[in-house]
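One chain comes next, on its own, written out as C-alpha cells in the form predicted on its own.
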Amino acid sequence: MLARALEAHGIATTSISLVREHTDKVKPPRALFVPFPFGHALGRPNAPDLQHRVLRAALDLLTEPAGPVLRDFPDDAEPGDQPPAPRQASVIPVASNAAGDAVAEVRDLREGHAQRLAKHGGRTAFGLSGVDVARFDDVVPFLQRFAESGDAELAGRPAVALPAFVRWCADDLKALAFESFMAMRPEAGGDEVARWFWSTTAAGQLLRRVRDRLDASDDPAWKAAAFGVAR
C-alpha cells in the first residue's frame, strides 16, 4: 500500500518478498521474490556476493516503467541450511530432559538478554507487553495460572483484553529467550533457536499449555491468540 502511494506521487519503488503467494495477491508495483528463510531477505549471513546479487536484482526492477512486476530470484540461488521458516512448536517434540522451573529459567535468561542488549546497542524485540523485564518473575506465574484455569490477573497490566495481553506476554517471553540464546550462540540460525526453545526450555512448555488453554475457548479472539502464542 505504501509503495503504491509513493508511486502515485512519482516515486518509483521496489521491494523484496519472502512469501510469493502474498505478494502475488497484494501486487506491489515491483517486487523480487527470494527463496530464503524469514529474516534473511538478502540471503545467507556472511555471503556478500550473494547479498549484492539480491540487491542488484531488486534495484534492476526500477527500470520497469510500470507494474505490477513480480520476478523470481534465480532458482539456483542456494539459501543455506535453514528451512524456509523456523519450525513451529507443533512439529518440535519435547525433549525428555526439558527444564521444569520456568521462573528460575527466566532469571537466567535475563542475564543473557542483558548481554545481548549491551552488544547490540540496546536493540531488542522485547517490550510488547509493557511489563519491565525485571518483572517477568511475576509474568511467568501469571501465565502459569492462566494455563491452569484460563482466569488470571497481573497487577498493573495494560487495559486490554486478557487474551491480547497473554499473547503480548508470550511474545516478550519468546523474545527474552531467543535473544538470550543468541547472546551465547550468535552463529545460531532461526531453526536452531526454535528447536532449543520449544524442545528443551520450561518457558517453551509453559507457552504450549497457554496455547492449549486459549485454543480450548469458543471465542475467536482467544483462538487467534493461541495461534500466535505457539503454532
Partner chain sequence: MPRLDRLPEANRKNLLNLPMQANDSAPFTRLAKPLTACRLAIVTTAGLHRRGDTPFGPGEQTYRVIPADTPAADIVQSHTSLGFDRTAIMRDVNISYPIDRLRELVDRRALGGLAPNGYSFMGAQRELTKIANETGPEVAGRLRADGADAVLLTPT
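Just so we're on the same page, rigid core means the largest C-alpha set that superposes within 1.5 Å between forms. Computed from a predicted structure; not experimentally measured. Positions refer to the first chain, counted from 1.
The next section is about a form of this same protein that is not shown, the form predicted in complex with its partner chain.
Highlighted residues R30, R44 and G67: every one comes within 4.5 Å of its partner chain in the model of the complex, counting any heavy atom. Its partner chain in the model of the complex comes within 4.5 Å of no heavy atom belonging to F197.
Its partner chain in the model of the complex comes within 4.5 Å of a heavy atom belonging to F126.
Residue contact check for Q88: one or more of its heavy atoms lie within 4.5 Å of its partner chain in the model of the complex. Its partner chain in the model of the complex comes within 4.5 Å of a heavy atom belonging to R116. Annotation for 209-231: interface residues with its partner chain in the model of the complex are A224, F227, G228, V229, A230, R231 [heavy atom within 4.5 Å]. Relative to the superposed rigid core, A41 undergoes a CA displacement of at least 2 Å between the shown form and the other one. Core-aligned CA deviation for E21 between the shown form and the other one: 2 Å or greater. Relative to the superposed core, L32 shifts its CA atom by 2 Å or more between the shown form and the other one. Between P45 and T124, the Cα distance is smaller in the model of the complex than in this structure, by no less than 3 angstroms. If you compare C-alpha positions, A224 and T23 are 3 angstroms or more farther apart in the model of the complex than in the form on display.
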